[in-house]
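We begin with a single chain expressed as structure tokens, specifically the form predicted on its own.
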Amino acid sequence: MTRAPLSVRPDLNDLEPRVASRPEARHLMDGNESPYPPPAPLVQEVVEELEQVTLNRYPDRDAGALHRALSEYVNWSSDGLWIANGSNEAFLHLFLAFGGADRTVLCFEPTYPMHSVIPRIGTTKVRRLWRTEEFVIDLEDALAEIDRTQPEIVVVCSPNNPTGNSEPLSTIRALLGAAPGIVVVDEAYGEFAGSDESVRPLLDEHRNLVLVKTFSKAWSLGGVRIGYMLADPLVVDGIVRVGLPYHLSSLTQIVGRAAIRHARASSELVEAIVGERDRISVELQAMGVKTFRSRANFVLFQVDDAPAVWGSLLEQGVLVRNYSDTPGLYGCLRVTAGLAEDGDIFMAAMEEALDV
């Protein structure tokens, strides 16, 4: 037997691969995906345009047409815009460019796990603070930590996944004022909260703000993988140094442009999802279940014997996300707002699981 050719970096030995299989279920309400397919005219336009693409040739290296279209849509200069294969890749590029072994990122738990996993991949040290019982950032603790450790990067998820709440803009302003480096706000679920809760207006005031968005949720394009970042051009100039050539495929660029042309149709679907989210929350409360206020496309709720409830739901064909063994989220499950019929089936399955 020969020895292994090379061992993994020692600092990654305790990092679990994110390759867990997804249990089979008829009603997938665990992934925060949109229940709606993209608008039919969008799909038709993509098909027609793909027929004209020479797939044996490399895509537009700069994705110029997509950058111009998205820049106009978000009303932000294209030299301050970075597009990637999903927001996770945008974060990866950010930490490859601005992280490193001698730098630190500050995160607020519980939150999206990749906000601490991706920095570790880039050898950045991770500091964590715990949110309050209402899952918001304790601003006094955060400012004290920033003053004490001087983290180069601060990451905030708002609306926060998996808790669903938005951070007050006053908190973001305070962090921007105190941080010695950049503050990154992940608004993957921002469309479900509304523009008045977005940090987008703060970009004009704070050069150290980085805003990350995605097409995976509100745009119904989780399978395409498009994410983007709005920032000061100097930040994007740093990220360009670590981006690989031709990293956005021809398909990605075509779908992205088509999605922007049909943005109004996507926004109409958001309204339906928000209504379903609120209905689920109200009906769970009527069952005596504790729910947490959500501004995203999902509802976090707490039950006795959450693993048993999760298992009962799965037996009935409904898959939700189990957070019951996650620190800060003991006893919690998370359900994605889907179609009204999915919501009906979920509620009936919950009655069975709770034996109401």
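Just so it is clear, the model here is predicted, and its values are computed rather than measured. In case it trips you up, residue 1 is the first one in the sequence shown, and so on.
Another form exists, predicted together with a small molecule; not displayed. Remarks below refer to it.
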Could you tell me which of 171-179, 260-268, 132-140, 84-92 sits within 4.5 Å of the small molecule in the model of the complex, going by non-hydrogen atoms? 84-92
Identify whether the small molecule in the model of the complex is within 4.5 Å of every residue in the set W310, F346 and A353, based on non-hydrogen atoms. no
Would you kindly say which of S166, T214, Q253, T163 lies with a heavy atom within 4.5 Å of the small molecule in the model of the complex? T214
Counting any non-hydrogen atom inside 4.5 Å, which residue from V183, V105, C157, A231 sits next to the small molecule in the model of the complex? C157
Wondering, does Y112 line up within 4.5 Å of the small molecule in the model of the complex on heavy atoms? yes
Does any part of R225 reach within 4.5 Å of the small molecule in the model of the complex? Heavy atoms only, please. yes
How about Y189: is it within 4.5 Å of the small molecule in the model of the complex, going by heavy atoms? yes
